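Coming up is one lone chain in structure tokens, specifically the form predicted alone.
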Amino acid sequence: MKPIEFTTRTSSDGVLERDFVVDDVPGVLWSAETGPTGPLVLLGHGGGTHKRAAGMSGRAHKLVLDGGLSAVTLDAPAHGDRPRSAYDEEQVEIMQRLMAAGDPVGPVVEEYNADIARRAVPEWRATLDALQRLPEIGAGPVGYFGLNMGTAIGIPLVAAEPRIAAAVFGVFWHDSVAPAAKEITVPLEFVMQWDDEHIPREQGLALFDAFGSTQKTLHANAGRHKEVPRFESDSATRFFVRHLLS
């Protein structure tokens, strides 16, 4: 595996941001500009977004400034600065057509996100290997925070990766990820939207129930699919502080 290659370095509000590449996969590492670097939280972005989407940057800054942690995100396959294959283009077109018509999109999203997860999980594990070789990161407990497609990638990743000690998931369907969810035993928080126009309530509740963890908390919020309250990031930060810094 190639070593991590940092390409840019900037800072704002006390947070150091470093763009990098590992085996041609681009990512961003956020950490404190001065002082020690806290335990690492892996951030999985949602479908149709990218590593520097506002939600990713906002969560990363909160984890660093409010939690004393560090954070990293990658462009998922076919997202951000990464190319799309003909298959990717076809799946995106199908999903957009179904949503425009108001038709159920779940089966297509689940199948396509499962394919993205198969590609993304080895990339995340290789990136974690490379980051933990850095003296400012090192070995230690790691967290994972991802909603929507970030959950589709994160569930098989957390199930396979023993270095991840705590996770925040949510806003996803049950069927495609349930087998891997049963293998997860780390503490977790799960977020769902009670009025989600794409994911039926029973799907979210079934996925929460499927996790093998004995320490798990359900956060059910009023609102539609894209209306996850910002305070869920505050809750996630406190959650990771409890489980990664205690």
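All residue numbers refer to positions in the sequence shown, first residue = 1. Keep in mind the model is a prediction, meaning the values are calculated, not measured.
Separately, the form predicted together with a further copy of the same chain exists; it is not shown, and the next lines address it.
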* 87, 111 and 118 all contacting a further copy of the same chain in the predicted complex, non-hydrogen atom within 4.5 Å -> no
* To do: Verify the contact flag for residue 221: yes if a non-hydrogen atom of it lies within 4.5 Å of a non-hydrogen atom of a further copy of the same chain in the predicted complex, no if not.
  => yes
* If you check in the predicted complex, is residue 182 within 4.5 Å of a further copy of the same chain, heavy atoms only? -> no
* Asked: Is there a non-hydrogen atom of residue 205 within 4.5 angstroms of a non-hydrogen atom of a further copy of the same chain in the predicted complex?
  -> yes
* a further copy of the same chain contact at residue 34 in the predicted complex, heavy atom, 4.5 Å -> no
* Could you tell me which of 46-54, 174-182, 25-33, 194-202 sits within 4.5 Å of a further copy of the same chain in the predicted complex, going by non-hydrogen atoms? => 194-202
* **Within 223-246, the residues that have a heavy atom no more than 4.5 Å from a further copy of the same chain in the predicted complex** => 231, 232, 238, 242
